[in-house]
Ligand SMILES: C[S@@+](CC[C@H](N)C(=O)[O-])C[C@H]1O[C@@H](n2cnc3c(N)ncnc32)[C@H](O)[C@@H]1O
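So this first bit is one chain, no partners, the form predicted on its own, shown in structure tokens.
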């Protein structure tokens, strides 16, 4: 299905959760001099005008990046806001960096940013936004086919962001299968999988499949702004991280709590970080965290 365009949802609360967490992971990767590869399986157009007619049609930024309180933000969100400021030299938060832009802003000359997008209009916009960026390598191809085909990267160090629309119910299982295949090809890579919290709870199928895959060291971060309402509507955002940086859970916990406190006064709001599959006990497993 090729109907989804993220411009209608750019800057929403899930973007705040996902992109601020992405900044934390990339910050960890840049702490070592060795180059890394970043692979984005659902890149979209990578850069968004939140005052465009499409974005204003849903106005989801009001409950996201336009609604969060920067004054109460923890230190973990500093780079995220720096990224937004760099995209808005005149001030404000009109222009919003999608994950491709976040990756470029938080990587170095020696690092590669590999962007995959299948939607023809989105790929055209992606090309226009990043055609002058020498570190950006663009692929118009199927996301999950590209994921398996492109790992391991030559750098042997890096991460993958998997951020689909979940318009098709089978995507939860398809993603788990593709990640399992990619992991067997590149077990030292970091994998960051975003998923929505919806009343139908499709994400539980994804988490169950990941838990049964045999992959170890899977950390999850979830935020919920309120309790599920009715049979539809996204009420929260989740991230599953395979091979997360050491001690990332503390930063994610502070980040998640800040988001829900900024955007919701519902008694059911919550933020949680926990291990879906704990760290293996074998000697040397920590060294697999390649950071």
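Numbering follows the first chain given and starts at 1. Keep in mind that what you see is a predicted model, and the values were worked out from it rather than measured.
In what follows, reference is made to the form predicted in complex with the ligand, a form of this protein that is not presented.
Shown without its partner, this chain lists 211, 94, 79, 141 as candidates; in the predicted bound form, only 141 has a non-hydrogen atom within 4.5 angstroms of the ligand.
The partner is not drawn, yet in the predicted bound form one stretch among 158-166, 175-183, 198-206, 106-114 has residues with heavy atoms inside 4.5 Å of the ligand: 158-166. Although the ligand is omitted here, in the predicted bound form none of 28, 191 and 254 has a heavy atom within 4.5 Å of it. Among heavy atoms of residue 44, some come within 4.5 Å of the ligand in the predicted bound form. For residue 17, no non-hydrogen atom is located within 4.5 Å of the ligand in the predicted bound form, even though that partner is not displayed. Contact check for residue 129: no non-hydrogen atom falls within 4.5 Å of the ligand in the predicted bound form. Proximity of residue 99 to the ligand in the predicted bound form: non-hydrogen atoms within 4.5 Å are present.
Shown here without the ligand, the chain has 118, 119, 122 in 118-132 lying with a heavy atom within 4.5 Å of that partner in the predicted bound form.
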